[in-house]
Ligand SMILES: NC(=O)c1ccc[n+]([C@@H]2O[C@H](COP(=O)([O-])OP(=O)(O)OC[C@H]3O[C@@H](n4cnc5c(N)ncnc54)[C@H](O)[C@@H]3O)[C@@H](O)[C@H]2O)c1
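Given next, in structure tokens, is a single chain: the form predicted alone.
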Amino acid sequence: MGMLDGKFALVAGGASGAGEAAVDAFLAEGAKVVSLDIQPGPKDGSRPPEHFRAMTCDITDKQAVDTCFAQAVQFMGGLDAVCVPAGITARKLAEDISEEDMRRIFEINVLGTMFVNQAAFPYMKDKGGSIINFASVSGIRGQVMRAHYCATKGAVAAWTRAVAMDWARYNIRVNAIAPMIYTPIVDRVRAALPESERESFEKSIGQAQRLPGGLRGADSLGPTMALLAGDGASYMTGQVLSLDGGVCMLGS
């Protein structure tokens, strides 16, 4: 018996990275899963069609999100958990960040999270459910050349705590994960750097962890995401959980 047997879960950003890991974890624990992403994922075609469906969706388009949720719930038969790893990152000196830069990253990371959370609400209002947002270590302690990204992740953390208060009366639990992990985003950031900066970037990645083994992959998040999605975390809401090997050690 899996801890998510009989559960219905939707993952926004399920094509790669932490989202792909969430889909894998939820399926492995017995859930029926729908993945929303702006592009197909490499594993989409190999997953069992009776338990999984992938849909193309731009989470910055509220109407598209609402439509996909309706289709997803029709396919699954209900909605118990929503996970929102979808997002982007960027590097730029704070003094060079443009209005366009800030608006783009906020639209995806903050508005996208808001639209997905709001789309879940009517399906969870009467019976409860779990929402798992994605903050970041960057939203807690800051990162060099990522002021706009850090601002969005701080906003997601604050949104998570506030929505958890608003929706607790409906037994909707809203928590967030603040990870520091290796995903394809790390490769894209490295590729965008000048050659002279790549060596120092590589050295900085994975050296802040206290636990041995350096920067871990997205699959390290799977067990915690499955726990949050299921009944094992039924008494937890409004929390931002650092999964980063001990980089951030904070109490409530």
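Sequential numbering from 1, following the sequence displayed. The structure displayed is predicted, hence computed values, not measured ones.
Below, we refer to the form predicted in complex with the ligand, which is not included among the displayed structures.
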query: Proximity to the ligand in the predicted complex, single hit among Ile181, Leu79, Cys150, Val110 (heavy atom within 4.5 Å); finding: Ile181
query: Selected contact from Leu193, Ala28, Ala208, Ile38, since only one has a non-hydrogen atom within 4.5 angstroms of the ligand in the predicted complex; finding: Ile38
query: Any non-hydrogen atom of Phe115 within 4.5 angstroms of the ligand in the predicted complex; finding: no
query: 4.5 Å heavy atom contact, Met145 to the ligand in the predicted complex; finding: no
query: 4.5 Å heavy atom contact, Gly17 to the ligand in the predicted complex; finding: yes
query: Close approach of Ile132 to the ligand in the predicted complex, 4.5 Å, heavy atom; finding: no
query: Interface segment, criterion being heavy atoms within 4.5 Å of the ligand in the predicted complex, picked from 66-74, 52-60, 193-201, 223-231; finding: 52-60
query: Within 80-97, the residues that have a heavy atom no more than 4.5 Å from the ligand in the predicted complex; finding: Pro85, Ala86, Gly87, Ile88
query: Shift in CA distance, Pro42 and Gly14, in the predicted complex relative to the form shown here, given it is 3 Å or more; finding: closer
query: Cα-Cα trend for Pro42 and Ala12, given that in the predicted complex the distance shifts by 3 Å or more; finding: closer
